[in-house]
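The chain below stands alone and is given as structure tokens, in the form predicted alone.
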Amino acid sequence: MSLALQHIRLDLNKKRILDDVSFNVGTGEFISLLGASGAGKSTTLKVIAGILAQDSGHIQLDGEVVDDIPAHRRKTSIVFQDVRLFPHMTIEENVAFPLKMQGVPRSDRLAQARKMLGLVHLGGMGLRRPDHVSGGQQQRVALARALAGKPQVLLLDEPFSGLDEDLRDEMRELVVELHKALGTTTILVTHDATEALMISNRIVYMRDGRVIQDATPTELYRNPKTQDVASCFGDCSILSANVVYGYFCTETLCLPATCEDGPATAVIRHDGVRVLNADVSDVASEPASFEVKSVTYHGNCYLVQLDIEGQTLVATSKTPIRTGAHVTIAIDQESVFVYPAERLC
């Protein structure tokens, strides 16, 4: 099933929560809504599901406007971070509940529930109560329940964020596995950029209730439109200076820039800056040498904080370097993103 959001606006308690949100999701596509807390991601999911009604704009499923169709008839299903299982029911009864609401006979819905539990690798556990299984297993039960009613759009509201790292990895792999097997159109809400890169066909980046960029993972990573999009993919240094004749320039550092001349900010990913040589100058008289402010060990490398006229640029080094030394560096231009001051978040 395809999905289209057209100019969705929503106010809650006299505050604008969604502001002209528009994007499309193709049949069988897996997209992620990415952004910081408060960006409007979960609210967007609830509007799609029919839990919240937008103030203006339209939701279309397969070309049909569904604004007036209640949540239980939208052919969507949502999984929250809070699994919301019924404690008085067995696991298989929980999974079968959407089918009960659809009027499916008990024997048929329990058979379907057992099938779904098998798909999420919980076969044979259907007669247990939710409080008798682990948190990760409860999340699998919630996923099985969401899929049991054969939704045409599956909505996942940060379902992995409450799990430890190993369980998050397992759940991601399971969701991808199920998506490939079932082909259900899927939307995942996440604030984890790496997670979005790993499992999405496309990423919709949101901020302050608006869509900032809608692109493939590769395009979003390589060509971020704004400072916050660029800096969400791992640790970055952020420097302020001016663009002059196509270069972002401090007194000692010049980087190519494509934006217009004027005040600007450069976002430089840590892994794109390497230390070449240490102790090249005792007085930092060379334009290409920078004083080391501090060094921290990060297992596979050292992170070296360099002084750039009172600002900090972080570089990586394979070997330790003493504080106060002066170093030369190499910067991967693909790791540098320069934005005019007026576009800063």
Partner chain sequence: MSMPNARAYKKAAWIFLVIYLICILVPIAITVAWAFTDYWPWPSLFPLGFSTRGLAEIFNSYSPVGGILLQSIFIALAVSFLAVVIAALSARALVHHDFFGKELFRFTTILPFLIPVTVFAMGVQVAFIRMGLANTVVGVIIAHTIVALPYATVIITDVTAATGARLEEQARVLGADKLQTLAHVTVPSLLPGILSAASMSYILSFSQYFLTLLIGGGTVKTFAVVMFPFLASGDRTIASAYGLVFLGVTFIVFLLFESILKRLGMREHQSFFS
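Because the structure is a prediction, the values reported are computed rather than measured. Positions refer to the first chain, counted from 1.
Omitted from view is the form predicted together with the partner chain, to which the following refers.
Scanning V83, L182, A215, V104 against the partner chain in the predicted bound form with a 4.5 Å heavy atom cut-off leaves one residue, V83. Though the partner chain is absent from this view, in the predicted bound form it lies within 4.5 Å of a heavy atom of just one residue from H191, R202, K100, K225, which is K100. Using a 4.5 Å cutoff between non-hydrogen atoms, P87 counts as a contact of the partner chain in the predicted bound form.
Heavy atoms of I78 reach within 4.5 Å of the partner chain in the predicted bound form, making it an interface residue.
Interface membership of A146, defined by any non-hydrogen atom within 4.5 Å of the partner chain in the predicted bound form, is confirmed.
Taking the partner from elsewhere, H121 is found to have every heavy atom lying beyond 4.5 Å of the partner chain in the predicted bound form.
Although the partner is absent from the chain shown here, none of V133, R172 and E195 has a heavy atom within 4.5 Å of the partner chain in the predicted bound form. Of the stretches 41-49, 54-62, 23-31, 299-307, only 41-49 has residues with a heavy atom within 4.5 Å of the partner chain in the predicted bound form.
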